[in-house]
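Quick heads-up: it's one chain on its own, the form predicted on its own, in structure tokens.
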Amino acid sequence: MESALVLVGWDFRRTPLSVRERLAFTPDGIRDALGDITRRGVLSEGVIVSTCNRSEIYGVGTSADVEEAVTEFVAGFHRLPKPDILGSRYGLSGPDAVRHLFRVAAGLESLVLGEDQILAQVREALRVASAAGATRSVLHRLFQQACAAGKRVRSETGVGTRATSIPGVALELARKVYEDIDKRSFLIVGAGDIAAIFYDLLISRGARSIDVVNRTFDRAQALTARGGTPRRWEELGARLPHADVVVCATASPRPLFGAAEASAALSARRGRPVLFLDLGVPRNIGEDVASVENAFLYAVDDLKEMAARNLAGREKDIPRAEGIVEEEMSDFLSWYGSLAVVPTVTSLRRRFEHVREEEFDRQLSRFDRVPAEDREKIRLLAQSMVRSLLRHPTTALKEESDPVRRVERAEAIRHVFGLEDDAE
């Protein structure tokens, strides 16, 4: 590669949280940083992927020490002493940087293997950078292909399909019991983080009938802003018979109800079964509920076992996911490599020479009386003309100092003269 495609980053594996939170970019910060870093000429184009677990700057550099220049810029942007962030920094370039991004998009570099959110975050990073005018041909193609790799990994392997979080496993279990989950009634007890995650999963799966009961009514109201009905704490007992699935996720030090309340609810439902999912620690639902007919109770430990099995299943598919990453990466590198100066000039010269020889043979075949020595002179003249025609585009390509503009010129030449499939 002639252009310095680089990555400079800090992630959860190498960087403590106390440093990561100081290196995080807000959406406005990303736009400002991309504007500054390209305006100063540190990078010709750039994209910043900033999540709670990583801050990574991808770019095409214009200097030999681009990693140091990017690190210097990041330290200055966040007003941090450079030595404070240097120790946990990692820098990659060329194919290694490409491979890392594709693995990130695939969820192979995530804290939770195969997490869903990272693919959307990579896609959003490209959108923000494009809107800021910080991407051009190389990073736009790179990130589009990374997203394609992430999508393939999720559709062709089990890396991202089996839930590994407790709320995710709870929903997976509910979907196994009730296939028509969008038509079922849910009662969520609690409005904390776990309850909120389960609520988000329900909304994303199309569930419509969701009651949220919480000791603080305002929090129940806030949680149901995108659908569902907030309920006051006093309504808990009255709402139990209406729910096909009851999810408890509170910090209560003792069970909120037991077999007597569950039995009464099932009686009111005329025996229609209820799935009880206890996501609280300590337990929110009495263990004796499991003894009630048509009550199916699962607690955190049961769900942890399912999560562990799912994680093992995901890990089995890592080799297949890595194979997809390598395929997509090879495709990108093939495109990128074809845009280098030497293969482009070689392909262009070969195309001109091919046209010259065809025309030369076709035209001279019409002139039988042209002596052999004159034919050779005409051939040399034609060769000279081809060299003259190639001189300017070759010089313009070789002497372009901006690596991205050089790639764009090579891409334009390959497109105009139909060299896309003319691989070296």
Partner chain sequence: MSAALVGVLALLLYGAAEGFSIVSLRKNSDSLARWTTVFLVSGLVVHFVALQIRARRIHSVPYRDLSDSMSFFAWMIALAYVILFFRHRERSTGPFLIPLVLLFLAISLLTRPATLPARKELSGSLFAFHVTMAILGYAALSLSFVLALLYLIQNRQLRQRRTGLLFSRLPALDVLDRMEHTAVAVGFSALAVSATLGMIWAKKNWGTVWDAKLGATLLVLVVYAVALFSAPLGLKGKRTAFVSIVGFSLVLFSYTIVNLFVSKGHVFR
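The shown structure was predicted, so the numbers you read here are calculated from the model rather than taken from an experiment. So that the term is clear: the rigid core is the largest set of C-alpha atoms that superpose within 1.5 Å between two forms. Positions refer to the first chain, counted from 1.
The protein also exists as the form predicted in complex with the partner chain; that form is not presented, and the subsequent description refers to it.
The stretch among 195 to 203, 108 to 116, 154 to 162, 80 to 88 whose residues place heavy atoms within 4.5 Å of the partner chain in the predicted complex is 154 to 162.
Proximity to the partner chain in the predicted complex, taken as a non-hydrogen atom within 4.5 angstroms, holds for one residue of E353, E315, D302, E235, which is D302. Only one of S330, N294, S93, S130 lies close to the partner chain in the predicted complex, with a heavy atom inside 4.5 Å, and it is N294. Although the partner is absent here, P273 sits close enough that one of its heavy atoms falls within 4.5 Å of the partner chain in the predicted complex. Of the heavy atoms in Y178, some are within 4.5 Å of the partner chain in the predicted complex. Of the heavy atoms in M306, some are within 4.5 Å of the partner chain in the predicted complex. Within this chain, R239 is remote from the site of the partner chain in the predicted complex, having no heavy atom within 4.5 Å. Taken together, the three residues L173, A290 and Y298 all come within 4.5 Å of the partner chain in the predicted complex, as judged by their closest heavy atom. When the rigid core is held fixed, the Cα atom of F73 travels less than 2 angstroms between the shown form and the other one.
After superposing the rigid core, the Cα of L277 is displaced by 2 Å or more between the shown form and the other one.
Once you line up the core between the shown form and the other one, the Cα of L108 stays within less than 2 Å of where it was. Pairwise change in the predicted complex: L111 and A299 C-alpha atoms lie farther apart than in the shown form, at least 3 Å. Panel note: the distance between the CA atoms of D301 and L111 is larger in the predicted complex than in this form, the difference being 3 Å or more.
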